[in-house]
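Here we start with a single chain on its own, the form predicted on its own, put down as structure tokens.
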């Protein structure tokens, strides 16, 4: 009869291989780094997980410095970013997404209170860079170029820097002292900002100033024109001009009844600002349904909570001195809005148009090699135009034209700075490393207890209508610490010691705080228990190669 017992090897006592099992492995475990979805979708490419790791340890300055590696305006972005990171957060499949934006604001505010700065350690490059426009793209590029040791000058046509952060976003969303403080940090680093300095011809400005490269970041500060039949006495204005004029101290005359035409965030800002400027009634007219509105849901909800009325499936046909004529719409089979032939009249002292924004690119009219399409500058993935030494970003560039956000502009500013430094050095720009994604399937949720998301305090809706005071407040220290600790650290080790504790062969070696672990493959038999028990999916089993 055959012997079906497993084959075994008996080694003499004292042999160096007596306790070593690595010779019979089919697979071996390896530690891996993966990219969590929060970073994947962040327009500024922030390493969210890494700065949350420092924040959950209470090391807030280190967390802030990690943010500053990608984003020089965290206190601004902690207020104005619409946080796509949270929409992709794996934790949302467990309970609720981590309040990443709230923690970022906490860190940004703490840095301003403590006076943290970023030193310029690079030696002087001897190169001069001109940036046209001091919005988020221009400021971001200036910051990273300054860190590379370049002499950076920003020309800004307005009286104060900040671009649409100052002149397009109302103070109840983004207080001006926060904008000023973040910009002041860049000035302390050596960035020069010349306000009330308009540029008629970018090539001439470059030559006259002796600049080695130019970054055009003029933004989209022109309200899009739309022909609406109107009487001589009707009061019609565009939302961009309305918001800009108010910020410049020229308060618009709106009257008690205001109609806003449009469905984006600017329309919500205009309507909410109108109520704060004394309008008794503010109505937003939009030709499609709410689910088709480009405005973010939280902006729509805030507007409605403050008493702004919504007229969906409605379009404006004409405006007179005290009323507007609107037509009811319906959606056809393709989803397009079509008129029904049914009309209503709305009483209105003024009509505000919020139908999109355009960029004034007259400064490039005579600049050869810079191509423009649909009111934007054609650039490649590194923000380079067709003319050597000319770069563009933010709302002015065709890249990211469907994501005209402050965070996207910051990401483009950083990309442009990297490309400019490479251009000056005569090499190609580097790229951010690409990692495999860390999906929810890699997370072991049984290791994480339920922890409801911490909500930021909000000013009561009834108190908002008469003030431009900030609506959303920041987190306390305890709440920020709690929220940071809700991060699952998807796809990357956070030194929980699980692998160390569950390994039956003591094959996991601790390298010390912050250094992680390594495997002793002489003793690891590839059983995979460490892989199964890693909470964040930071270990893979790979085939053994002999």
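Keep in mind the model is a prediction, meaning the values are calculated, not measured. Numbering follows the first chain given and starts at 1.
The same protein also has a form predicted together with a small molecule, omitted here; what follows describes it.
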If the cut-off is 4.5 angstroms on heavy atoms, which of these, 423, 246, 211, 82, is the one near the small molecule in the predicted bound form? 82
From the list 263, 108, 223, 219, which entry has a heavy atom within 4.5 Å of the small molecule in the predicted bound form? 219
The small molecule contact in the predicted bound form: residue 376, any heavy atom under 4.5 Å: no
Answer with yes or no whether residue 104 is in contact with the small molecule in the predicted bound form, where contact means some heavy atom within 4.5 Å. no
Contact test in the predicted bound form: residue 236 vs the small molecule, heavy atoms, 4.5 Å: no
Do residue 242 and the small molecule share at least one heavy atom pair within 4.5 Å in the predicted bound form? no
Partner contact check in the predicted bound form: of 440 to 448, 312 to 320, 126 to 134, 280 to 288, the stretch with a heavy atom within 4.5 Å of the small molecule is 126 to 134
